[in-house]
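Below you'll find only one chain, the form predicted alone, shown as structure tokens.
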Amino acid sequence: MIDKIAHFSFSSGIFCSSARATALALLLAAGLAPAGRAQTQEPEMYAIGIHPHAIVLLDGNRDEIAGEIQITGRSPKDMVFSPDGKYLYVTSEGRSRLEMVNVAQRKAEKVFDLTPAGHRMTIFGLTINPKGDLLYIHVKLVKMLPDEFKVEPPQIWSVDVKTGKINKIVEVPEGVMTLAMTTDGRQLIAWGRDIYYVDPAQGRITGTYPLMSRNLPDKGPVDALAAFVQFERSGILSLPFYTKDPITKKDIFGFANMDLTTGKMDLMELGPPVPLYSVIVAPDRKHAYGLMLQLVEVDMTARKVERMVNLERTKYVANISRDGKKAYVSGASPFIHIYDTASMKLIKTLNLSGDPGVTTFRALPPLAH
């Protein structure tokens, strides 16, 4: 069943020539500049955080580690690239800190001072506008009074990347974990227990797509943990979901697929539950891959599980190559495992100097052609 929600336009971004130069500079600095025929390839770079305080850069052309960038805080979590690829913004230090990393220069260039005096702050959800001058963060604040801790309503802020100036946009319901934004910068998507559409200019929630609050005679509530997301390759923000059929009382799992180009939401039911943490959708949108204890391939056209292979370790996060031929999976162990999507076989293991834990795994925005 496909439910149409408020229409908005979104693309995975246009990556300008300066971003191409940034990616090439990374490869050259790492001594990984492609040789021979590989020189014609567009640089394909990925970033993943590791404990205690580093960002690992992965060269997807050679499937090699291109280097590390040290940040100031521990345990990087949410990450987002600037549209031109020059900067990576990352939350760290228990999600209380927001840092700006200069990708080409490989250094943490700025730490934003965001926590109000007398408060403790936690950030869940991070995105950036198309111009690259405003970040949006979802924050949870606790006021530290002398005799009590006062929990304040969750809210979304904008942060000026140059000045660090904060602007409160709107208060949101509890449970938001992921933010995304439309290409025109007019609409924020806050994914939590339900999905909330926010107009940052008006500072208000303009619509809600029910998930946990869904209560229909033939459809039960939908539980989808929006912790590990990526949509750079396909333009689809996909999460595993779990529900119970109120008529048959059977448990069901599926993929909650939000097409960020058309604004359509598709709750794709796939059968008896398979435990999964996250989903990646191939660039051609024909297949998707869920992971936790297994790598699960789903035919998006036939809307069914095609294949499953056991993973050697529990995995949280993943990304996929630009051509859809390789899946990069990681989390819960100091490795990146590379799977061939045609054979579903492990083809390479890359050692990391630290554990990624529950970080995100981001791809450098696509290059302009």
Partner chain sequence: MKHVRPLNKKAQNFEKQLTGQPPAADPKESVSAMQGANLGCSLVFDPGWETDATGGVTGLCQPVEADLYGCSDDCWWPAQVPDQITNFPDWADKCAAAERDWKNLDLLNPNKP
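Numbering follows the first chain given and starts at 1. Bear in mind that the values here come from a model prediction, so they are computed numbers and not experimental data.
Only in words, not in the display: the form predicted in complex with the partner chain, which the text now covers.
Any of the heavy atoms of residue 349 lying within 4.5 Å of the partner chain in the model of the complex? No, residue 349 is distant from the partner.
Against the partner chain in the model of the complex, would residue 313 count as a contact residue? Criterion: heavy atoms within 4.5 Å. Yes, residue 313 lies within 4.5 Å of the partner chain in the model of the complex.
I'd like to check something about residue 225: if you look in the model of the complex, is any of its heavy atoms closer than or equal to 4.5 Å to a heavy atom of the partner chain? Contact with the partner chain, yes.
Please tell me whether any heavy atom belonging to residue 87 falls inside 4.5 Å of a heavy atom of the partner chain, as the geometry stands in the model of the complex. No, residue 87 is distant from the partner.
If we take heavy atoms and a 4.5 Å cut-off, which stretch out of 101-109, 156-164, 130-138, 170-178 is in contact with the partner chain in the model of the complex? Selected range: 170-178.
Counting any non-hydrogen atom inside 4.5 Å, which residue from 307, 51, 325, 303 sits next to the partner chain in the model of the complex? Of 307, 51, 325, 303, the residue with a heavy atom within 4.5 Å of the partner chain in the model of the complex is 51.
Just give me the single entry in 214, 186, 74, 286 that has a non-hydrogen atom within 4.5 angstroms of the partner chain in the model of the complex. Selected residue: 74.
What I'd like checked is whether 207, 255 and 271 together line the partner chain in the model of the complex, meaning each has a non-hydrogen atom within 4.5 Å of it. Per the other structure, none of 207, 255 and 271 touch the partner chain.
Though the partner is not shown here, which residues of 309-336 have a heavy atom within 4.5 Å of the partner chain in the model of the complex? Sequence-ordered list: 313, 314, 316, 332, 333, 334, 335.
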